[in-house]
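Take a look at this one chain, the form predicted alone, written out in structure tokens.
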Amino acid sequence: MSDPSRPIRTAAVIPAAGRGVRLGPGTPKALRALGGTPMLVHAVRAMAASRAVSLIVVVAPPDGATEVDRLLHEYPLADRTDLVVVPGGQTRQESVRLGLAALPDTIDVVLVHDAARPLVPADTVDAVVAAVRAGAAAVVPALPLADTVKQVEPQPQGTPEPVVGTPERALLRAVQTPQGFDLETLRKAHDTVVEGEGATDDAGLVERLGAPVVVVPGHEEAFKVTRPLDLVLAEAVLARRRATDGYV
């Protein structure tokens, strides 16, 4: 994966080009305020909180890179973490590919993190990085499922859907981010797997190469802010952190 004579360097790519329509109309999801600060800023800070991460690449909406760059520079990071903003594409896969293209050759490990997971703890980030540095080609943080899952035959919205199976819950995990990769492996996956071939995350692209993916424990606070109720929960978590941990 890297020249053993030099330190392993880790970067994070944060695709933030989506509109987030399930949160309602208005500002792009990544720029929605959470505790008075844009959600994207929280996500960037979450990556920078890991001392392993030396570079963060934010992939902005295609027509909004200048605005996002200006916004993020209002919230400076520690000197040890560099920040780059690049314009994204029309799909998430295209945006991640553009983020990977912005990484220098000195990077060995890359994290791909959802801007909509603003509160992932540093310990989770560190666990993903450590697993990749230990030799795993692809690592995802994940949690056991609390609910029973049913496989159904999809029907038009509002129509009852026939159940066709009940997967064994003990074998299932709910996947989070950041997902970590050997950079060469992830670049190969993005160059090889055609858009729309069934992969819904970057680990899925690597799976389609036939490369192994491993799971490390996720965290309940690494949830994705997708709907208005998620935003209420995120505000509550943030308020608790500010009251007990001095979080800004």
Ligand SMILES: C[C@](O)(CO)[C@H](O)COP(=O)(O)O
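Sequential numbering from 1, following the sequence displayed. If you're wondering where the values come from, they're calculated on a predicted model, not measured in any experiment.
The same protein has a further form, the form predicted in complex with this ligand, not shown here; the description that follows concerns it.
Enquirer: Given a 4.5 Å cut-off on heavy atoms, tell me which of 128-136, 156-164, 113-121, 74-82 is the interface stretch with this ligand in the model of the complex.
Expert: Single hit among the candidates: 113-121.
Enquirer: Tell me, out of 201, 221, 69, 207, which residue has a non-hydrogen atom within 4.5 angstroms of this ligand in the model of the complex.
Expert: Partner contact (heavy atom, 4.5 Å) among the options: 201.
Enquirer: From the list 86, 145, 175, 107, which entry has a heavy atom within 4.5 Å of this ligand in the model of the complex?
Expert: Of 86, 145, 175, 107, the residue with a heavy atom within 4.5 Å of this ligand in the model of the complex is 175.
Enquirer: Though the partner is not shown here, which residues of 66-102 have a heavy atom within 4.5 Å of this ligand in the model of the complex?
Expert: Only a single residue, 92, comes within 4.5 Å of the partner.
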